[in-house]
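What follows is one chain in C-alpha cells, specifically the form predicted on its own.
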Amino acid sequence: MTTTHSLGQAARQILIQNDKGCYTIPTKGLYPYQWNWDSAIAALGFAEFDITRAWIELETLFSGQWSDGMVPHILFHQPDPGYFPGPDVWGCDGPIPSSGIIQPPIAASMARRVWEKDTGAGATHLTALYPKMLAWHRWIMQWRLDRGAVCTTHPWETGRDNAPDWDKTMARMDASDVGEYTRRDTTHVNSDDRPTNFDYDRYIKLVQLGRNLHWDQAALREQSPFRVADPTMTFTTLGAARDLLAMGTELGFDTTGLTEDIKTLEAGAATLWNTDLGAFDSRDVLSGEWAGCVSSASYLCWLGGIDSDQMMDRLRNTLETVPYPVPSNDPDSDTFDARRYWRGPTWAVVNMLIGLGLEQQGHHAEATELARKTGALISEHGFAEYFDPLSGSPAGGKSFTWTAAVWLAWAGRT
C-alpha cells in the first residue's frame, strides 16, 4: 500500500519535473506551456515545500498581464510545435506571446493562501502583486458582466472545455468556414476522452473571431455568438474579490469599489439559480436559455461565499452515492459521460476549490469528507488529469501538476 509520505514525495517530484524554472507546465506533452489557473494551483503546492518558488510562479503568471489588466489563459514562453493552437493562431500583442482569453481568476485567492504561509517575507511579494491582481479584477468587472454574473466568451476560459453547459450555444454557431487545421491533443491521449471535432471547430472559430477583431473586448461583446454567464467564472471572481478586499485592507491599499463589486457579484450569482433545476446553472446571455446542467462548478458557490441549503443537500447525496465524487456532470443527466473531458469525470482540482469553500463557510464535516475521498482517489489511481467518478480509473494527462499540488496542499492531509 502506498503511504502518505511516499505520495507526498511523488507529488513534490511531479512539481519539480514540470518546473521550467519560473513557471510550471500542467504535464509534459499534452500541455507544454504555462496555464493560468493551473499555475495558481501549482503555487499553492509549491508553498508546501518551497515558498519562494510559489511566489515566483505567481509573479511569472502576471508578467504576461496585458496593459489593460487582462491576464491570458496561456503564456507561450517557449515555442512548441506539438501544441495547437499556438501563438501564431491567437495573434496577440501582450508582453509575452499568449492566448487572447482568460481563465477562472483564482490567482488572488491562491496568493492569499500562499501569503498565510509566509506572513513575513511574503508581504513584499504580495505588495508587488496586489495592484496587478486588482487590475485583472477591474478588467473582468468592466468587460464580462451580465446582470452581475460573470460571462465567458470561450469554453476554454472556464477550464471546463467541453462541458454540456455550452452545448446549446455551440449548436447555434456556424463553423463551416473555419478552414483546415490539425489537432494535437488527440495525439497525446485517447481521442474518445477528448472534445469532439464538432466542438473543436467552434473553439477555433471563436479564436479566429477574436483575432480578426484584434481582441477588442467591446467589439467581441457585440459580435461574438458565445457569451454565457457561468458559475465557474462568477464564483471564482466573487471569491477573489473577497480575498482582494481582505488582503488590500491588511496591506493598506485603496480598496475603494471592492465592497460594491462584491454586492454586484452576489446579485449576479443569484441570477444563475435555475429554480426548475434546483441548482446554480449556466445561462446563455444572448438567448436567455438555461444550460440545464448541474456541474461540479455549481458547487463552487461556497468558494464565492454563497451558502445554499439546496446545493448542500445535493452535495451530501453526491458524497453518499457517487463512488468517486464530485463528477463534473450529474450522473443522472442524459449528457453524462464518465470518461469524456468535463462531461462527467471527477477533477481533484475542482474538488479542492469546493472543499476550500466549504471550509470557509463552516461546513467542516463535508469539507473533510470530500478531502478524504479525493485523497483516496489519488492514492488509489495516481496523479492523473481527471478520473472516472464511477470506477476511479485515471484519464487524460499523467503526472499532472495541479493534482500533485492538490495532494500536497489539501487532500493528502486527511
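Heads up: residue numbers just count along the shown sequence, starting at 1. Keep in mind it's a predicted model, so treat the numbers as computed, not measured.
Only in words, not in the display: the form predicted in complex with a small molecule, which the text now covers.
Only one segment in the set 282-290, 307-315, 168-176, 336-344 has residues whose heavy atoms sit within 4.5 Å of the small molecule in the predicted complex; it is 336-344. Of the residues given (R242, R144, H137, H73), H73 alone sits with a heavy atom within 4.5 Å of the small molecule in the predicted complex. The contact with the small molecule in the predicted complex, taken as any heavy atom within 4.5 Å, belongs to P26 out of G357, G64, P389, P26. At the 4.5 Å threshold, heavy atoms of W273 stay clear of the small molecule in the predicted complex, well away from it. The small molecule is not shown here, but in the predicted complex it comes within 4.5 Å of a heavy atom of D38. Although the partner is absent here, E266 is not a contact residue: none of its heavy atoms lies within 4.5 angstroms of the small molecule in the predicted complex. For G94, no non-hydrogen atom is located within 4.5 Å of the small molecule in the predicted complex, even though that partner is not displayed. Candidate site formed by W156, D161 and W402: every one of these residues places a non-hydrogen atom within 4.5 angstroms of the small molecule in the predicted complex.
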